[in-house]
Structure formats: structure tokens, C-alpha cells
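One chain comes next, on its own, written out as C-alpha cells in the form predicted on its own.
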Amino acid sequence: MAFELTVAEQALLDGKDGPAQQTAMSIVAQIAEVQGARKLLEITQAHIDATVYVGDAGLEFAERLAAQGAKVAVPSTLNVGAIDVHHWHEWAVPPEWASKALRQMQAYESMGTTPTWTCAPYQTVHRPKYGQHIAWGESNAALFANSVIGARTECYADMLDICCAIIGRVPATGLHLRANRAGNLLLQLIEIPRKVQEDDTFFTLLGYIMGRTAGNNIPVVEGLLTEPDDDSLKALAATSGSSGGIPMFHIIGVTPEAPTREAAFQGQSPEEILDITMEELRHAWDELTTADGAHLDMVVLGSPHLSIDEIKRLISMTEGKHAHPDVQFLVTTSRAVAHLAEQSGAMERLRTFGAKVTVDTCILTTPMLPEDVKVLMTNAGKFAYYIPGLLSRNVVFGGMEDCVRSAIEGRVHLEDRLWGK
């Protein structure tokens, strides 16, 4: 059956609703045909990842749409921008670069979007519901939406995401179709003690292994002994989406489409079965660290952005203590979470410890780090994976307690709590 448009969709393509809608419809329709879709699907919301300034082409595209009067047709949140709008000048961000980054952010805001400026929209009031078709960009967000919530989305590429939002439609293909959401790779957790699974590094390490081993498959995890919270599953999605290209994952007994192994595989047998052991976890930890020795310049937390629960946990670790003067301590979060933390007094307690807080962006998308920052430490698998390649810095991976203790001591300190590290 050939690809077909409805009467309303054809009107958009013909430009009857304006040039911006025509541009967006033309792009989405062409992508749909290339992907072999038979039709378009209506969506309930979108999350726009094209907000980061990476060059003049993206800026020109955004400003052209804005000049054409583009408005989103569905509620649409915004991923991180390329600067902390109010505090970028406190860092090493070049003013000319910041000016262009701000223009791109303003262009997307002008389209009727909600300026959430966060990579964790699923931890806001805009969290979608099970079964809803959405158009989300940002790898960790799309993975979380598909896997943990059971919403339906592809990981939409920059510029395609805003086009889908403007017309309120996506190609009926990929993970929007139930048949394409079945697991095909079984990952078995073998003899991994509950103590390890309850550690705050476990889901990051599991995510790293998942991404590295699963390729483009949909992995199904079996053998979990704990009940992970949102922040643990956030770490799993973010790290697996960084180290590999999995479209989604299932955890038997945890995620909504995997109450049983049979349900996760939609009645089929796994194409391959792989074991994950303590040895794989140790190897993952080692690969996420590139720095040697105890030297430390900065601790950075929040990729994806810290939730209010994570900030409360951080406060409990830092209360009455102070970061070493030679180590910078950076927290990245959303403006909404920062507002809650400010109201509760948590933000002042973080500042008393010696922390700086950046909102709207993260170190991977803005040139904020001073040249003298050479070694960073983080509990975020996404940061640990990308820092060496994107920022040309060395990194140390550890749990949140490791990061806080190291900041206080002024050197890398890793606790021997799991396997004698």
C-alpha cells in the first residue's frame, strides 16, 4: 500500500495553513516515505532536542521557521539549550557564541513551546502516559518514554522533532507500531548480589553494558532483585543511550510491557541470550574512567538533570561539610527543580557546601569549562562516556558518595564497597 495523506494533511502540504506548516509537512512526509510508512499518526505532545546551537545552519533553520510564524500544534517541551540564560557569563563561554545560542533558544520559545530546558522531561508535569504517541528528541528521554512509561516514540532527530510538533503528526513506523517493540535479546543477570544491585552505580553500569552489547536490538533484562525508582531508570536509559543505539529496553517485572518474559518478547523466543556477571560490571566501571591517579579539578553531577529527590540526597551527604577549595563542584538541573530547591532552602545549603548550580544546559552542550579544568569526576554515565571525546578531558566515574567525598578531600577517593576498588 502506498503512502497516503488525509485531506487535512494534504492541505498542510499545499500551504493552506501557512508556509511554516507547509515546510514542516513537506519534511515529515518525505521522511515517512523514505521510512516506508503508510500514513501519519497524530501525537499528543513533543519534546524538542534541536534547541542546542551547534552551528549557523541550525540557527538559520530555527529562525526561518520562527519568521514564517511557526507554532506547535501540540504541547511541546524544550530540551537543554546551549547556555544557562542568566549565568553563562560566569563561565568561559565566548560572548559571540552565547549570542547565537540565545537566539536559537529564543526562536524555539517563540513557537509556542514550554521552556522547560531539561533533558529529563519525564520528571516534570509534562510526563506522557502509557500508549500515547509522542515525538520526543534526546536519546535518554526517548528511551525512558518508550521503556519505562510505555509511550510510543522514535528518538527524533534535530529539526525533524520540531516539524512533527508543528503539524502534530509523525510517520506511522518504528516504535510507534507494537510489533516493533518486542524484545529480541535476553540479558541475564548472573550471581549479582542484591547489595550490588542496590548500589547507586549499578544501573549506570548496567546501562553501559546494555548499550555496548545490544547494538540496535531491544534488550530484555532478567534477574533483577530490586525495585528501581525513576532516578535509577533514568541512569539506565541515559547511559545505554550513550554507549549504544538501543531503541528501547524491557525489564521483566518492572517495565510496563514486560510483566513476563513471554510478554517482553511478544510470544517469541530470544534471538540471543547473554549473561551479565560481576566481571562485566567491573569492566564497565573501568571503561568509564580515563583518568589516572588522585588529581581532581571538578566534580560534576546531573546528566540527565538532577531531580529534586537527587538534590535532597545530595544535601544529606553535604550537610555541615565543605568542598575543598581546589575542587569545583558543579550541579546541573532544570530551572523548575532549581526553583523548588531554592524555595526549600536546599539551594542555599548547596552553596554553603561550595557547589555551583547551572540550569537550562549542561557541560556537554556549552563551552563553559575553564582551560585549567583537566580532570572531572561524575556519577553520571552519560557524562563519563562523552567527556573524553567531546570535551577532551579525563574523567573518573564513581557513585554520588564517592563524588562528594572526593570533593571534600580534594582528591579522587573511591570507596571499596562493591569489589575492592
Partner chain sequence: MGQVIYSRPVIPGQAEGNLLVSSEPLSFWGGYDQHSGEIIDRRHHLSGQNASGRILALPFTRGSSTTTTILVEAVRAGVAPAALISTGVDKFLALAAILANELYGHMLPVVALQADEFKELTSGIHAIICHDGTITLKTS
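Keep in mind that this is a model prediction, so the values were computed, not measured. Numbering follows the first chain given and starts at 1.
Below: the form predicted together with its partner chain, not depicted.
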*Do all of Val34, Ser242 and Lys382 end up near its partner chain in the predicted bound form, with near meaning a heavy atom within 4.5 Å?*
yes
*Among 188-196, 85-93, 313-321, 283-291, which stretch has residues with heavy atoms no more than 4.5 Å from its partner chain in the predicted bound form?*
283-291
*Are any of the heavy atoms in Gly215 no more than 4.5 Å from a heavy atom of its partner chain in the predicted bound form?*
yes
_Contact label in the predicted bound form: Thr352 to its partner chain, heavy atom within 4.5 Å_ = no
_Quick check on Cys155: any heavy atom within 4.5 Å of its partner chain in the predicted bound form?_
yes
*Indicate whether its partner chain has at least one heavy atom within 4.5 Å of a heavy atom of Asp360 in the predicted bound form.*
no
*Though its partner chain is not shown, can you say which of Met159, Ala338, Val74, Ile252 has a heavy atom within 4.5 Å of it in the predicted bound form?*
Met159
*asked:* Please identify the residue among Val375, Ala66, Leu364, Leu41 with any heavy atom within 4.5 Å of its partner chain in the predicted bound form.
replied: Leu364
*Hey, which residues along 41-69 are within 4.5 angstroms of its partner chain in the predicted bound form, non-hydrogen atoms only?*
Asp49, Val54, Gly55, Asp56, Ala57, Gly58, Glu60, Phe61, Arg64
